[in-house]
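In the form predicted alone, a lone chain appears below as structure tokens.
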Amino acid sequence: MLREASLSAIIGLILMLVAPFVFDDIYTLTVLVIYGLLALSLGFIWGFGGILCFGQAAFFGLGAYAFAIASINFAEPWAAALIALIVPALFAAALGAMLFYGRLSDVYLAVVTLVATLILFKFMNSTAGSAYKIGNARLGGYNGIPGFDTLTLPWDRSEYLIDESLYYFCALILLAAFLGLRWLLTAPFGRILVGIRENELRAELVGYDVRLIKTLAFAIGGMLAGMAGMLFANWAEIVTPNLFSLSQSAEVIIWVIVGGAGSLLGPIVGAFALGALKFFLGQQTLVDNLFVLGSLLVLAVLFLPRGIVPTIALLFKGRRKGIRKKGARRTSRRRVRHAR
């Protein structure tokens, strides 16, 4: 476990350092890293907890809005960043407790999380006017909240995290989240969570509090999505109700399906690949983005049901087994010859 984690950390650091030299547009590369963290949050609760959530956009938007509002009111971006993690985590914990302790089925759970996202989207769009404000921060309706302080360097409060410094900060956060979830899945909590995904009734009969474990996992996923929202607010320097949109929720699910829900790396790869494709398609008007993403989802479900990363991993495992079998056959033949 320690060896694999060290190898993952080394590979992640190398990719993080090399990426800016491969992609000239550091601005786009930064948001792709943020999308990777958002996809990772859903990949964790869905791929390893069996919880299909259509509400990651809700936690994403809450994290962004919480940061903007706290930054305006407290004038301390790092304290605002902490609040931006706590708010979506608490919201996810409360929503998850209602869903899991209410014993809602998977279909109803997906519908309720989708409805929660749509409610936040509609509410934020209707908050135009001076009456809708929290402290000194006006919610702004469909115009959103611009003009808030973003994160600064911890050792130099006069220098803001922008361009390359923001990219490296986001990349380190993504790497830390990946390694943290990897460790968590090897801990007893993670093993129980996977066991619940495989057979919830059996895990409950063994004596585990299934509802509590799923609620905690849901809260962790919400916190990671909120963290991605907080980073997005620093990247865009404005937050709008579009963060809660239905298209945002659908895109996250497509990223995870295409990349592979059964691994932690898969959602990140899916977010990077489809996010880059989205920005490329945004430069033309011939083909609609949603049409292309929908087509890719259909193709992935038909031809790569496991996703890109799990399929490639299976191919490599099959190839290794084939090489081992050939080596074993050659060894047995040599032994037979020597015996003769």
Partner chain sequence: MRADAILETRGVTVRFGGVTALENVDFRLDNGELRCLIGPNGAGKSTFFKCLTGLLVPSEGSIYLQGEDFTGAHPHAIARRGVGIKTQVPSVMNTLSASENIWLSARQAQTSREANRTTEEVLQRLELQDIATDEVATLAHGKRQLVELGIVMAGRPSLVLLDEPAAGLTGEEVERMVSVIHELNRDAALVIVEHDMHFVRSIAQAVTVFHQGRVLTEAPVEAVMADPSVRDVYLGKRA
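Residue numbers count along the first chain shown, from 1. Bear in mind the structure is a predicted one, so any value in this text is a computation, not a measurement.
Separately, the form predicted in complex with the partner chain exists; it is not shown, and the next lines address it.
- Among the residues N199, S158, N136, S130, the one placing a heavy atom within 4.5 Å of the partner chain in the model of the complex is N199.
- Note on contacts: among E164, E76, E237, E204, the single residue with a heavy atom within 4.5 Å of the partner chain in the model of the complex is E204.
- Y208 belongs to the set of residues with a heavy atom inside 4.5 Å of the partner chain in the model of the complex.
- Within 4.5 Å of any heavy atom of the partner chain in the model of the complex lies no heavy atom of K122.
- Interface membership of R182, defined by any non-hydrogen atom within 4.5 Å of the partner chain in the model of the complex, is ruled out.
- Not displayed here, the partner chain is approached by I192 to within 4.5 Å at the level of heavy atoms in the model of the complex.
- Of the candidate stretches 147-155, 261-269, 209-217, 248-256, only 209-217 has residues with heavy atoms within 4.5 Å of the partner chain in the model of the complex.
- Counting a residue when any of its non-hydrogen atoms is within 4.5 Å of the partner chain in the model of the complex, the one hit in 82-115 is R103.
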